[in-house]
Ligand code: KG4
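A single chain comes next, written as structure tokens; it is the form predicted on its own.
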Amino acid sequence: MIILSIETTCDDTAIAIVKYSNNNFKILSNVLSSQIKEHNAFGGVVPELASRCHIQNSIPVLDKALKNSKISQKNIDYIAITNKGGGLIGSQIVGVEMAKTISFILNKNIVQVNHIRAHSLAVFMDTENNRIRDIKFPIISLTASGGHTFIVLIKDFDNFKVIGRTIDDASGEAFDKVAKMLNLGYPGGPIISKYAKKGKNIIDFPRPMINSSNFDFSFSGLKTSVLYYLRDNKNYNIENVCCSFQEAVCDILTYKTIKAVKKYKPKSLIIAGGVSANIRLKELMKERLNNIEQKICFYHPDKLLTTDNALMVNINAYFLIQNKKIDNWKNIKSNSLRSI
């Protein structure tokens, strides 16, 4: 089985072509065109600009992906697209129309993938050994990125229940906004993490909602607290600010996730999304897992699968095809306003 997958939910135009055989796979091509340079001046993604860039980048990325795959287009069995929630509506429409056009030309069915679910299940793809990981259900998944922060209970490949979410900013967005305050550039996560390594956790930034009875998050107050600290401390140490802010975010994310683990008693824990690449987050999650009686397997995706990419869409499509979750191009409409 060969699947061509498209991801355009935010600011990356990505296409991957993967061949599957039992529990093995071969990545025939994986092409991504980033828009970091275009959005860097704004300190975050500008939706209208992102849509225009997708229009410009989509055909060149498709051409390169097909060329790199070294296969005939006729050999492609399915077209996969993120179109079941989670993304910028304009950006997603570009990808959906592209998928429908390819589907019409090749007379192949389309598989619609939820963006947030794609992040969670990306961990099943072991790119080092080209095998699908055997991860046991039920799973608790923390998906933390620039646009989303969710805790999800996953009972099988197509059974997801949101048990916690941010009520305002996403955790990755908070990283971006704090980096902008510090004039560090975009995206903020990797830059803040770099400065945090040299800093000390000595600033007492708040942990909003950490003691709430539910599993929801809030990061706007933390972001505002950093703003006020910078305003009131002109001679601040940038490394200490980054370290203390990062520690606050990781403390909140891990505390709520472990709380969910204790309640739902899953067999596996997954962290996914761009923030899952944060080294401190993974360290703290492991520390807290070791301090609970429950034994649980902990997974995080390979680095190239943490940010938006077409491989995560591809592996999700593979699982959906097993459950016969496929559509004809005539029935596809953009569903970006749904979340998960």
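Keep in mind the model is a prediction, meaning the values are calculated, not measured. Counting begins at 1, following the sequence as shown.
The form predicted together with this ligand exists for this protein as well; it is not shown, and the discussion that follows is about that form.
- With this ligand left out of view, the stretch that reaches within 4.5 Å of it through heavy atoms in the model of the complex is, among 57-65, 267-275, 288-296, 34-42, 267-275.
- The contact residue chosen from 199, 187, 164, 208 relative to this ligand in the model of the complex is 187, the criterion being a non-hydrogen atom within 4.5 angstroms.
- For the options 112, 193, 218, 254, the one in contact with this ligand in the model of the complex, meaning a heavy atom within 4.5 Å, is 193.
- Taking the partner from elsewhere, residue 117 is found to have every heavy atom lying beyond 4.5 Å of this ligand in the model of the complex.
- In the model of the complex, this ligand lies farther than 4.5 Å from every heavy atom of residue 169.
- This ligand in the model of the complex comes within 4.5 Å of a heavy atom belonging to residue 145.
- Residue 126 falls outside the set of residues with a heavy atom inside 4.5 Å of this ligand in the model of the complex.
- Residues of 210-228 placing a heavy atom within 4.5 Å of this ligand in the model of the complex: none.
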